[in-house]
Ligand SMILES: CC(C)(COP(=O)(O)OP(=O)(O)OC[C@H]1O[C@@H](n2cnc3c(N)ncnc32)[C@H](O)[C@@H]1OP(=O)(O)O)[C@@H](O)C(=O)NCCC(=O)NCCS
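Before any questions on how it binds or moves, here is one chain, the form predicted alone, in structure tokens.
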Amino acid sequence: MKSSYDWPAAAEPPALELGEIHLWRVKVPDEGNVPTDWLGFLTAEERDRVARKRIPVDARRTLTSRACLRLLLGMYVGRSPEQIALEATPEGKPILRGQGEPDRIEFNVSHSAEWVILGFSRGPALGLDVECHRELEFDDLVTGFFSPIERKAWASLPLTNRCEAFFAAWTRKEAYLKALGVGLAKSLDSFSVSLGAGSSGKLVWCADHPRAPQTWHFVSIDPAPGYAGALALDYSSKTLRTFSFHAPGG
């Protein structure tokens, strides 16, 4: 896959070609710097979701992810943010309502700490996950959620590499579930990913889809120092382009 990782600033997207992936990063604005029109882009349900966040930065992060999704989707399909109507598949994956198959836009969103990452493609399914590095009970999480293959690989890692390796694997696993659109209906230990950090990763094994490792792969995404991210893609995706979103009013 051809790729670009310099995250150039852009206020609107270029044309999204078939087989192309666009990734956007957006920094959660500080208090007092949130564009005044963002809240108006949201549905009543989404505004209520923002209002229920008790910690201000959590509310701003949720608002950023929902408003920028509507802004960018609107630019891709030629609608205003307020005209973007979302619905969910029976499995719960968000989709854009009323799209025909030839023009279908796939999208996915993830956020952690200061950054929101949004991904778009025309056709191929994709899944995204991003995590800020932090101290966790890594051994407990690996024991509770990783597959036997992953647990064996984990046990062989030097202690100094384990934080980076954990987040590389965790984001790949979450991204794969999001690409499939199944959420936690599929157990995290029913498939295995490579643990090594780097520019790419592999789907090693999948219990219910033995051929999945031949059709899916991962691209590691680093939106900023101290973060890990993964993009899950099928092999029909040809080009990845990355941007930093300078939202109107931002």
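Since this is a predicted model, take the numbers as computed values, not measurements. Position 1 is the first residue in the sequence shown; the rest follow in order.
Another form exists, predicted together with the named molecule; not displayed. Remarks below refer to it.
> Under a 4.5 Å heavy atom criterion, is residue 194 part of the interface with the named molecule in the predicted bound form?
No, no contact at 4.5 Å.
> Are any of the heavy atoms in residue 27 no more than 4.5 Å from a heavy atom of the named molecule in the predicted bound form?
So residue 27 does not count as contacting the named molecule.
> Is residue 147 close to the named molecule in the predicted bound form, meaning a heavy atom pair under 4.5 Å apart or at it?
Although the named molecule is absent here, residue 147 would stay clear of it in the predicted bound form, with no heavy atoms inside 4.5 Å.
> Is there any non-hydrogen atom of residue 55 lying within 4.5 Å of the named molecule in the predicted bound form?
No, residue 55 is distant from the partner.
> Does every residue of 200, 217 and 238 put a non-hydrogen atom within 4.5 angstroms of the named molecule in the predicted bound form?
No.
> Select from the listed residues 165, 73, 153, 109 the one whose heavy atoms reach within 4.5 Å of the named molecule in the predicted bound form.
Flagged contact: 109.
> So which of 96, 77, 132, 136 gets a non-hydrogen atom within 4.5 Å of the named molecule in the predicted bound form?
That would be 136.
> When the named molecule is placed as it is in the predicted bound form, which of 33 to 41, 205 to 213, 220 to 228, 64 to 72 ends up with heavy atoms within 4.5 Å of it?
One stretch meets the cut-off, namely 64 to 72.
> Relative to the named molecule in the predicted bound form, which residues of 180 to 194 have a heavy atom no more than 4.5 Å away?
The stretch 180 to 194, when checked against the named molecule in the predicted bound form, contributes 181, 182, 183, 184 at the 4.5 Å heavy-atom cut-off.
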